[in-house]
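Take a look at this single chain in structure tokens; it is the form predicted alone.
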Amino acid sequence: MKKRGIGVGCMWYGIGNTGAPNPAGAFLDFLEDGTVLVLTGCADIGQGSSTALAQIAAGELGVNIEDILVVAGDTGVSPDAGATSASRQTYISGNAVLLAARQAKEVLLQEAAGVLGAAASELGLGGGYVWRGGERTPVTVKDILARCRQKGKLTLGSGWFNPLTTGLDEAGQGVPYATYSYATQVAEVEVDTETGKVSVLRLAAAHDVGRAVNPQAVEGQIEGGCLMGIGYALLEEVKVDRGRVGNPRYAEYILPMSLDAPEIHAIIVEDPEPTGPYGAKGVGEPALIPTAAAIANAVADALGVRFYDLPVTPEKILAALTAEGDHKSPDE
């Protein structure tokens, strides 16, 4: 017999380190051909941070993202940006890049103001041109860069950002994080009561990301986190016997694969974070956290039996169903 159930999991997550300094720096330079060089210590390990940082710089400088060259994680030239962990890089390194871009842009706008006879505050950059009062002027960014070079002005920018937090006191009180992410996920499962196998049919994952700098990348993060959560809920288990790992190989340590992926409906909730770059905050770990709870609650809804340790394997389900049957009276 197959039974279906629906479960909900919710979470909140603090972005960054708990009440500890959490800084990142960035350098930025306009090259003579209009290319923008961004130097960051933020290591892109597949989460797409280099793309997000390029978008943040491009948005502030009014240039095409194709004109941004990000050099990331090169300890010979890039400033420290801390670890790629704690869902922090878009928020913290993103702010550092934004501040560096603003500093470099100010040099250009001050020079452009002299050319156009305007105040720098009236000007902006966009599409490779200087804009004034919402209208494009004939002055290009390359023109301004050439004038800066002739005068010996360096179009450099540097920025650093450290979230405002307060360390925890002996009572555990303080301000451990500058911002938080929130999420709710709903899982629908089907449980085969003869084999104990759980199939995740659908997942809906709604995540408050502040603002999605790159919506496609955010969806990818959510989908990847959900699949990791399925592994945590149903498959992955380190078996230890007297200090020895009993399944040290992937042949015995089971991971979810693409064929295990259910329908995943990623719902991006944008509630801009005032302290984030363009309102953004992190979505790394939050995509993983509620999944196992939602699945376990769905299994409990299907079977009427609750499980308190993960993973919820077929063996555990069959044992629980047997125990449940043993405790029932003959009339039930």
Partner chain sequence: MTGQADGKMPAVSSVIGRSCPRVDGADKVTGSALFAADRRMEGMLYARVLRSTVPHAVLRRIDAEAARAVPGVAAVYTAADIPGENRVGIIVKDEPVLVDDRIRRVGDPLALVVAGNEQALAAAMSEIEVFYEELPAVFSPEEAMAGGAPAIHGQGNIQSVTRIVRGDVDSALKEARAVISRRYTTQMVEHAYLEPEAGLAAVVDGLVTIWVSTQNPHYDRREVARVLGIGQNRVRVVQSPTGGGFGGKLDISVQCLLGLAAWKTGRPVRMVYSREESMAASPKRHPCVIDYTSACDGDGRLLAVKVKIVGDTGAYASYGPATLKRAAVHATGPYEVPNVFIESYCVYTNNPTAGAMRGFGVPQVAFAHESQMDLLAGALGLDPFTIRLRNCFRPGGVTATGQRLLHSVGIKETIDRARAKAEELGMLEGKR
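Positions refer to the first chain, counted from 1. Everything numeric here is computed off the predicted structure, so don't read it as measured data.
A second form of this protein, the form predicted together with the partner chain, is not displayed here; the remarks below concern that form.
A.B. asks: Mind telling me which stretch in 191-199, 110-118, 78-86, 144-152 gets its heavy atoms within 4.5 Å of the partner chain in the predicted complex?
C.D. replies: Among the listed stretches, the partner-contacting one is 78-86.
A.B. asks: If we define contact as a non-hydrogen atom of the residue within 4.5 angstroms of the partner, is Ile268 a contact of the partner chain in the predicted complex?
C.D. replies: Judged by the heavy-atom cut-off of 4.5 Å, Ile268 is in contact with the partner chain in the predicted complex.
A.B. asks: Within 4.5 Å, heavy atoms only: does Gly172 come near the partner chain in the predicted complex?
C.D. replies: Residue-level check for Gly172: yes, a contact with the partner chain.
A.B. asks: Taking the shortest heavy atom distance, is Ala43 within 4.5 Å of the partner chain in the predicted complex?
C.D. replies: Although the partner chain is absent here, Ala43 would touch it in the predicted complex, with heavy atoms inside 4.5 Å.
A.B. asks: Contact between Cys10 and the partner chain in the predicted complex at 4.5 Å, heavy atoms?
C.D. replies: Contact with the partner chain, yes.
A.B. asks: Could you list the residues in 1-34 that come within 4.5 Å of the partner chain in the predicted complex, counting only heavy atoms and keeping sequence order?
C.D. replies: In sequence order, Arg4, Gly5, Ile6, Val8, Gly9, Cys10, Met11, Trp12, Tyr13, Gly14, Gly16, Asn17, Thr18 come within 4.5 Å of the partner.
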